[in-house]
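The chain below stands alone and is given as structure tokens, in the form predicted on its own.
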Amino acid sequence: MAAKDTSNKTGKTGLIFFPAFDWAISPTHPEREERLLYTRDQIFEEGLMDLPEIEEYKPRLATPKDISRVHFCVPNVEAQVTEAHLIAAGSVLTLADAKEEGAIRNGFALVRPPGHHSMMVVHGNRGFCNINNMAIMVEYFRTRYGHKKIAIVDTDVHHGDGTQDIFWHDPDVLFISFHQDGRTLYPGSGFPNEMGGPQALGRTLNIPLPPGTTDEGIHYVLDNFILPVLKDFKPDLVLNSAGQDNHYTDPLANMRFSANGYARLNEKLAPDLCVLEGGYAIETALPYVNTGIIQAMAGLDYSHVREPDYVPGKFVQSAEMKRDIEATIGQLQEIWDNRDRLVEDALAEHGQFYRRRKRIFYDTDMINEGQEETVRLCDRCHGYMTIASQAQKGYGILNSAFCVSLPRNACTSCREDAREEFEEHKEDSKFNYVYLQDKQKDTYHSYETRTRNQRDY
């Protein structure tokens, strides 16, 4: 794999490695430290870390406040995360700082545990995820550096349902996910009709792809839909949840993407920062995919990045598969083109409040959660949201929580009503815990109704 400079781009590519040696779901689980160790061996063997285009950074710990900007952790942050989770999240924040300070042009956080299945409310581990590293970075960028419009492109083979959930009602975050069709793969979601909440319709764009989709199909989606939409949206930052389980050797999925295809995707997408998500072909995919992505980000020649068993023309896309993908893109293009009208119609339909109920299954911890979400549809701001959540394990109630979230642009009326909801529910014995997330003031409150103890971040 040559590392020949073919670009006149300036600025370094920042890298962080965090294999999390002391964290594992089980010793033989697919999500384990070897996912990163083989990659690290490969890029040292290729001499990439000695190149002037690459700068390695050391991770740091995220704080409970960093986590609370995104999540309502029940009962608290400390109960849901380990030190490994805090270091993985802190690693992406280190690269965020380096990017904002101008020390790097772009960066790649090769960290674990992953995060994109972790939703706003957290009762445990689902899809190998406890906290959402990508979402934590987005809120950090917005709080510390004042960015408003951010685009997230999730290229993991599994639908990024956690990231979708967190930004479902936020019109300033564009979330695009392409993934293997949810009818054939966990978590069973990610369809075009999942478009976002009433005030953010069309800002969630899901592209389910048929099993067996090749480089050709994924690059068709990128060239004909994702890149034009990004150009139209004009985000301050483009971030990539860089799952690598679309690879043809991945044991948990059924796609046919190659390492070179991933590198070309990265070159075209040109993300500001990438965060590793899934990818479980430890020896046959990850070292080659990650090496290709790193070289593409650094403006280096990745044309010789190739898996030992890869044969050009090995995978051919059928005419039927091509028609299916083109039809999906046509449907999504119509949603994107009509997004403002969709919002107007939804606001007229729902009136002052929007409500939805959800059932969430934590496949790793075998927890079932029921949620009732209520959003104030305010004509002066994005409105505040409340979530009533109850989780159970087996036949017993695990925990219940009432969560209140205030957006950054909250008007005076919404601020007063949200705080009133928080104070009233502190006296409600129906819930074990009550939370207030005030993004405008960057303050976060957790109250335990049994002990009447309140913690503030």
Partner chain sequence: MLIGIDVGGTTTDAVLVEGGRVFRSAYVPTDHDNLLGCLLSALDKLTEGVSPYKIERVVLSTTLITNMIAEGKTDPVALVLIPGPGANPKDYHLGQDVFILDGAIDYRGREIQKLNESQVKSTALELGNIGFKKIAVVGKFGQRNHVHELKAGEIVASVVPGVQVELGHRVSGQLNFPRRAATTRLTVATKDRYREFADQINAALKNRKISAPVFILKADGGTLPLDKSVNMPVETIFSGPAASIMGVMALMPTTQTSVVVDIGGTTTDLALILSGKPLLSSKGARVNSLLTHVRAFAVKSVAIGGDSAVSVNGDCIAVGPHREGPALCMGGPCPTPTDALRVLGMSDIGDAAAAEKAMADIAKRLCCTPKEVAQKVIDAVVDKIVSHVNEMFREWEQEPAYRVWEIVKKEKLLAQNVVGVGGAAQPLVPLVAQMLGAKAVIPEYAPVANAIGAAVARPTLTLNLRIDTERGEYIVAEEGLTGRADRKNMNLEQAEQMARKLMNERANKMGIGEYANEAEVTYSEIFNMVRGWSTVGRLLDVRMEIPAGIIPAWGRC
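Numbering follows the first chain given and starts at 1. In this text the structure is predicted, and so the values were computed from the model without any measurement.
Separately, the form predicted in complex with its partner chain exists; it is not shown, and the next lines address it.
Chemist: Does its partner chain come within 4.5 Å of a heavy atom in each of I176, P235 and Q440 in the predicted complex?
Modeler: Result no, not one residue of the spot touches its partner chain.
Chemist: Using a 4.5 angstroms cut-off on non-hydrogen atoms, would K65 count as touching its partner chain in the predicted complex?
Modeler: Because no heavy atom of K65 falls inside 4.5 Å of its partner chain in the predicted complex, the answer is no.
Chemist: Taking its partner chain as it sits in the predicted complex, is P308 in contact with it (heavy atom to heavy atom, 4.5 Å or less)?
Modeler: Yes - in the predicted complex, heavy atoms of P308 and its partner chain come within 4.5 Å of each other.
Chemist: Any chance R69 has a heavy atom within 4.5 Å of its partner chain in the predicted complex?
Modeler: No, no contact at 4.5 Å.
Chemist: Answer for R323 alone: is it within 4.5 Å of its partner chain in the predicted complex, judged on heavy atom distances?
Modeler: Looking in the predicted complex, residue contacts with its partner chain do not include R323, since no heavy atom lies within 4.5 Å.
Chemist: E83, D223, E101, D337: which sits within 4.5 Å of its partner chain in the predicted complex by any heavy atom?
Modeler: Answer to the contact question: E83.
Chemist: Please name which of the stretches 241-249, 372-380, 295-303, 340-348 has residues with heavy atoms lying within 4.5 Å of its partner chain in the predicted complex.
Modeler: Checking each option against the 4.5 Å cut-off leaves 295-303.
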